[in-house]
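Next comes just one chain, in structure tokens: the form predicted alone.
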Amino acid sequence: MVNPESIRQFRDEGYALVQGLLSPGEAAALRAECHDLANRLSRTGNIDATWGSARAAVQEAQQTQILHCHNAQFYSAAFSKLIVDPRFTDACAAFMGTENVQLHHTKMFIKPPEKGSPFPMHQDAPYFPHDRHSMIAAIFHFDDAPLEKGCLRVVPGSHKLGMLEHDSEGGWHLPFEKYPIEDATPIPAKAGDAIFFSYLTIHGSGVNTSSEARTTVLVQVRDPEDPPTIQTHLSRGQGMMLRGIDPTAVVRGLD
């Protein structure tokens, strides 16, 4: 599913859309899992993860929300199966240029109809910097994500800028006036598609103004031989091998 042109685009532009990574039936089943999980968690507390910076940057975001679950694989085996699926892990290895793929974390996001929160433009790297910047993310789409649903937007080639200084007020973000969401390149996607991008690629997304939810799971992975620059953003399940081996396991004393 990952051809040389996709790898070239990833290396040159910092992202690549892989169409049809999952079948429509698989995407529909995982969509149902996401919404069922959100319903269960909503009964026990508030799972709105809208950034304070989003409300500051986008006027219409004042009344929006985005439903969120960190490490979704601990709530449903469907997501555990997803993150070790060879179609996914082989794609990660191809884009990373490594045989070994290690989990950092997963996140489920549901942008509700007509009020799905945006994400201001940012890099993921400031949250959890790594020495060799091997980390990439993949966003699985379980329903269609056209422009009006607040699809992912990127700044092509921005991964070559290195890690930029971010404002940490209300969630890490880049200056609103320099990186407005609407100026970034949109990447509409279909159910079953996955978008892969470097954690240095500047990205964000707009408000879901459509009549349907936008349902995704983000998976962040790294080369196990790329150590974190600082110990931060630790989470349950981090370090799980999704493909290959961890050559550093003896050094870390994990055996």
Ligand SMILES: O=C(O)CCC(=O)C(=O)O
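Just so we're clear, the structure is a prediction, and the values are computed from it rather than from any experiment. Numbers for residues come from their place in the sequence shown, where the first is 1.
Keep in mind the form predicted in complex with the ligand is missing from the figure; the text below concerns it.
This chain is displayed without the ligand, yet in the model of the complex the stretch 107-115 from 72-80, 85-93, 154-162, 107-115 comes within 4.5 Å of it by heavy atoms. Interface residue among A28, A38, A49, L218 relative to the ligand in the model of the complex, by the heavy atom within 4.5 Å criterion: L218. Though the ligand is absent from this view, in the model of the complex it lies within 4.5 Å of a heavy atom of just one residue from I139, A125, I181, L103, which is I139. Within 4.5 Å of some heavy atom of the ligand in the model of the complex lies at least one heavy atom of R214. Residues of 231-249 include none with a non-hydrogen atom no more than 4.5 angstroms from the ligand in the model of the complex.
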